[in-house]
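Just the one chain here, laid out as structure tokens, in the form predicted alone.
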Amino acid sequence: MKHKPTPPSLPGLPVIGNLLEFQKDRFTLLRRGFETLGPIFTIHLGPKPAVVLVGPEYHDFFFRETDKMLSMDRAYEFLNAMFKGVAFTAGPSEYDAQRHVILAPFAGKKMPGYLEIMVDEISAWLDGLGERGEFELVSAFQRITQLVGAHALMGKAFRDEMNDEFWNLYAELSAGIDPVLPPHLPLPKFIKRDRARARLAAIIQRVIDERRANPEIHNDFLQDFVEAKYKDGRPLPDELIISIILGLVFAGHETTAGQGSWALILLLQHPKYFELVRAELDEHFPPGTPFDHKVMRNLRHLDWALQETERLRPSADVIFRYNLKSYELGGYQIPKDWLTMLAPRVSHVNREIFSNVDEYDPLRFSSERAEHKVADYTLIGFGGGRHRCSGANFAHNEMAAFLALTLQRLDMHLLDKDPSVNYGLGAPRPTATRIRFQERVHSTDPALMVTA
């Protein structure tokens, strides 16, 4: 029987293949592959081939076969040095055993309390800005998301204890992310990563020890993690609790800060739609109105703006799996031990799904047009299937709260008119973006607080 061919490859350099362009501007690389080679093609990240799948039917295959032919933990082994066997860096059976503990913080009934914390932290930042001036958006929103994540998931005392040392160490930990190089090479960034993790673990261990010694005085999710058990009754080991905390803090700010910053940038770059959002806010969230889920349900234009941001600037712009088996798809044979990859940002400019794909047009998500509903898995910035990001609603609420509160109180314009994408080796985010502002509403009214 004649073997099917492997998917066509994008040309690259000897030995390193497409690695340099992938690190510098992967959207341009992957879009070129899609537009020249079709919805299934191959790139080479150094010696490792990766097949890229574009289109809802292939997204369905990808999410359906995860934990079957396609492995998450093998694809993300490079994160194990940071998180050591928690969530998707663990194997499927261990992840299943942890899942009820990890998902518990994101239960819907907890969201009103989280929204209150989000508004508190965002309002405190706004209160500190003064009546007019400048701020750098990306670093400001990253700090807000750090504080929200620590406060909401681990409690106010933990948030207050996470001082600059903690965040500096966390920056060194995050700087050690590298999906290409073996994670235990004796390179300076990996040495710093391991030292930072050891120090962070020691800090968190002291908090765990205090929680175990005084369980009656705490009632938050950090305490729930400390007291959590596997379904067979075994307590979670401290090392796993430490990894869960590090992982949730990472997930709580690394991606949300980038996508939320892009949401504001895109609004400021498109004044006509900005005015629609501002008018909606003035109607449903004027000064004196508590910001809660009832208000959020009426902010349709803001919601569509966030969906359009996910389409154009998803933080998860690539999603990997490791091929445990060879498989056939689309007339090609994809070998065992290759990587399989989705490229959400490329999939979101698929002309078979979306119109005028490069234009900022949030109204495409309105009920009248609903371009994203022509098929399943057209919008995959938060993944899909069983492993869709468990914190997607949390992130959406945080971005919505940031935009609503900021736009209610400030008039703004971009000093850096056209930020580019800073890829690094983590979640892509805008390059530094300065904003000049003037306060719209001079008020310390408790309206900026959420009612329970």
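Computed from a predicted structure; not experimentally measured. Throughout, we count residues from 1 along the sequence that is shown.
Below, we refer to the form predicted together with a small molecule, which is not included among the displayed structures.
The candidate spot formed by Phe135, Gln307 and Met412 is out of contact with the small molecule in the predicted bound form: none of the three has a heavy atom within 4.5 Å. By the criterion of a heavy atom within 4.5 Å, His387 is counted among the residues contacting the small molecule in the predicted bound form. For the chain shown alone, Phe402 is not a contact residue for the small molecule in the predicted bound form, no non-hydrogen atom being within 4.5 angstroms.
In the predicted bound form, the small molecule sits beyond 4.5 Å of every heavy atom of Leu281. Under a 4.5 angstroms non-hydrogen atom cutoff, the small molecule in the predicted bound form has Thr256 among its neighbouring residues. Comment: 313-321 is the region of 196-204, 175-183, 313-321, 263-271 lying near the small molecule in the predicted bound form, near meaning a non-hydrogen atom within 4.5 Å. Among Tyr230, Phe106, Tyr360, Trp167, the residue placing a heavy atom within 4.5 Å of the small molecule in the predicted bound form is Phe106.
For the options Leu299, Leu240, Ile102, Leu246, the residue carrying a heavy atom within 4.5 angstroms of the small molecule in the predicted bound form is Ile102.
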